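Given as structure tokens, the chain that follows is alone and in the form predicted alone.
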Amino acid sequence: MSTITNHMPTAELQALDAAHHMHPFSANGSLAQEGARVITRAKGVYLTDSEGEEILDAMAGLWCVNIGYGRDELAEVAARQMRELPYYNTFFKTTHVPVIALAAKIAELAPGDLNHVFFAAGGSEANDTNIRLVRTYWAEKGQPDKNIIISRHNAYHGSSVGSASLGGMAGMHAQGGIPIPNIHHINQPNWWAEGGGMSPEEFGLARARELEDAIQELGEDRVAAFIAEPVQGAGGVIVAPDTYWPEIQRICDKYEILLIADEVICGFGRTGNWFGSETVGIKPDIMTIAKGLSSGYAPIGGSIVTDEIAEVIGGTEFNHGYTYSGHPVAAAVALENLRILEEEKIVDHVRDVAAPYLKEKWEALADHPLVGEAKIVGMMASIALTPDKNSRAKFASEPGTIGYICRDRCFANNLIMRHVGDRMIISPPLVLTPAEIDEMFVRIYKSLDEAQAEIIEQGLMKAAA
């Protein structure tokens, strides 16, 4: 049996990685020169690298390790399922026990009449499924031209051609011939960066009403759906003003367009409820799920749809699916993950213990000289870095320069905290304790202080004109 416990020296691992491994969202040439950090094991909220450094993972991997690392129960379930039924597909009028049990459990947890799940191997695949679902739905209802999906600039819905088209990331749209046709984007509800002189309440309504304007411009008979994250995650943990979501729901209801909530990050406890849709008070027709569904222990995602959508789609042969749709091992792992979330009352821990304590300490970051806005919902939070918090000024340097400096200081202090432009974001495991939150903030303040000193030393503490 191969082992990774006694591994090669770090430099040799880095050289092998550079020679053969192409990293996602990376300039692989410069990464090869720098050398990737090699993670070898993890437990709870901490990672250990090949040099033996213990790192506090305030990003839960990629927003996904909700129950924390090192839960043997999930390893045991995976091993047992691999021995019993390692794989079978769900094509050809066939199913298996793990996918049946998981679909039923998700239907039990999901709000309203979201009772049906189409499985995928991750969030990107699930959002590709959603494009096909909504267009097939309207075609089956006799409206094949009702096929435009509206999304938001700076949204993230995946990195496949379809899901990246749904997303509104300019850097992604600059490569690979996307977006595909009939995807339309409106502006995001980012008051700090784009609110101007409006109050947050005014701005929230104005940005929501851009959806109505787009529907009227494109034609009510052409618009099929609106897709959005309850809280924009990869876009920088952008929390919409309180006026935004009720207005979005009103508009979707008025014009009879499907509302798709991308719950890939927000789902399974991240916001203090099982789903972010419950936190922001919306009633989606489709929910995209992944990440926290298995806490990242196995690749799985899906689209949860209402009874009505399932009935319409069920009236035809839906020519869509993936080799790993409802993979038995991934389904068994996800089911065990949901059991742990439920029986250990981890969502309650978020709502009643971790999130309130984190919120108190996080919002105090706004007093730091480098920090303007400090936003938080449940266990996902962001700070906007600024040279002048009174004017909400941006830095004169290229966007992301300051965030990159701050991120590097975090890494140096063994804290995984991500930058999106000049915002810093966290999304820690949901099992984070108050004592671990205290330790995290020791590292956060140290990193912010060091970043501020470096920014001043480089003459970068200047506001854009």
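Numbering starts at 1 and runs along the sequence shown. Source: prediction; values computed, not measured.
Absent from the display: the form predicted in complex with a small molecule. The rest refers to it.
Gly168 within 4.5 Å of the small molecule in the predicted complex, heavy atoms: Judged by the heavy-atom cut-off of 4.5 Å, Gly168 is well away from the small molecule in the predicted complex.
Contact of Arg418 with the small molecule in the predicted complex (heavy atom, 4.5 Å): Within the cut-off, so yes.
4.5 Å heavy atom contact, Tyr156 and the small molecule in the predicted complex: Taking the distances in the predicted complex, the answer for Tyr156 is yes, it comes within 4.5 Å of the small molecule.
Contact flag, Ala224 vs the small molecule in the predicted complex, heavy atom cut 4.5 Å: Heavy-atom contact with the small molecule at 4.5 Å: absent for Ala224.
Contact residue in the predicted complex, chosen from Leu358, Val329, Leu370, Ala234 - any heavy atom within 4.5 Å of the small molecule: Looking at Leu358, Val329, Leu370, Ala234 one by one, just Ala234 meets the 4.5 Å heavy-atom criterion.
Contact residue in the predicted complex, chosen from Thr90, Thr306, Ser124, Asn273 - any heavy atom within 4.5 Å of the small molecule: Of Thr90, Thr306, Ser124, Asn273, the residue with a heavy atom within 4.5 Å of the small molecule in the predicted complex is Ser124.
Heavy atom contact within 4.5 Å of the small molecule in the predicted complex, the stretch among 34 to 42, 431 to 439, 409 to 417, 61 to 69: So the stretch in question is 61 to 69.
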